[in-house]
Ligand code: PXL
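In the form predicted on its own, a lone chain appears below as C-alpha cells.
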C-alpha cells in the first residue's frame, strides 16, 4: 500500500483540508499520514474562528518520524496559512523526500482575483518557493496570477491561460515540473483544467459542465483525488480527468441539500466511486465530460 503525507490544517467544522483529504485518500486505497498545521474550530468562511497554530508541534512530530525512519511515497500540501508554516512544509519535503517521492502542492491562498483575508503579497512569494519543490502544482487562476505577477482577468482565453502556466513553471519550478490551472473556462457553460508539462512542453486541457453552485472544499476534493489517482498508477493527465469528473459528480449530488454552503460539499455520498477499481472509477462519457486535448 502506498503511503502519502498530507500537510494542511484540521478544521473541525466545515468539510475541507484534512477532513476531506484523509477519507478520500483512504477510500482510494492510500495510507494517509497527516501533519496538521493548525487546529481551527471551523474553516475561515465562518466568523470568530478559534485557531491554534501548530508550528512548534509540527517540528516535534517530524523529529519523531525521522527517528523512526518513516518514508513516504508522496507528499501533498494544501492550505497552510502563514509563512512560517510554509517553511515547515518545505522542511518536511526536504526531510522526507526520496528520489521517487512525488510532491503535489495546492497553493491555497485566494480566489476571484484576490488573496484571502489576512494574506500579504509576501505570502504568495513564499508559496512560489514551495512550488519550486513540487512535481505537480494545482493553483487556481488567482493563485497562479499572484505568484507570477500576471494581472488577473475574468475573461481569460486559451492564450492567456497558457501564458500563466508558462510563467509559473519558468519562475516557480525551474522548468522541470508540471502545473494545472483549476477553474479554467474555455467556453461558455464549461469549467475544468489546463495543464503544462514543462519537461516535454506537452499541453493538456479538460472541461466539464459548469454547475450553478459553489461549495467550500471542492478544491481540496480535487487535489486529494488527483494525488490518490497518481499513487494508484495513473498519469498526471488521467488523474486530472478523474478529479474533474469526480468533483463534478460530487457537486451535482450535493445540489438541493438545502444546507448552508459553508458546511461543504457532500463528498461522503460519492466515496464509493473512489473505492472501485481505479480503471473503472472515471465515468467520463456518462458524466458529460469532454475528451481531453493535448
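Note that the structure is a prediction, hence the values are computed from the model and not measured. Positions refer to the first chain, counted from 1.
This protein has a second form, the form predicted in complex with the ligand, left out of what is shown; the following refers to that one.
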| item | value |
| --- | --- |
| Answer option from 156, 217, 183, 177, heavy atom within 4.5 Å of the ligand in the predicted complex | 217 |
| Listed residue that, although the ligand is not shown, lies within 4.5 Å of it in the predicted complex (heavy atoms), from 203, 116, 152, 160 | 116 |
| Interface segment, criterion being heavy atoms within 4.5 Å of the ligand in the predicted complex, picked from 60-68, 227-235, 36-44, 250-258 | 36-44 |
| Distance check, residue 16 to the ligand in the predicted complex, heavy atom within 4.5 Å | yes |
| Contact flag, residue 79 vs the ligand in the predicted complex, heavy atom cut 4.5 Å | yes |
| 4.5 Å heavy atom contact, residue 134 to the ligand in the predicted complex | no |
| In the predicted complex, residue 198 touching the ligand (heavy atom, 4.5 Å) | no |
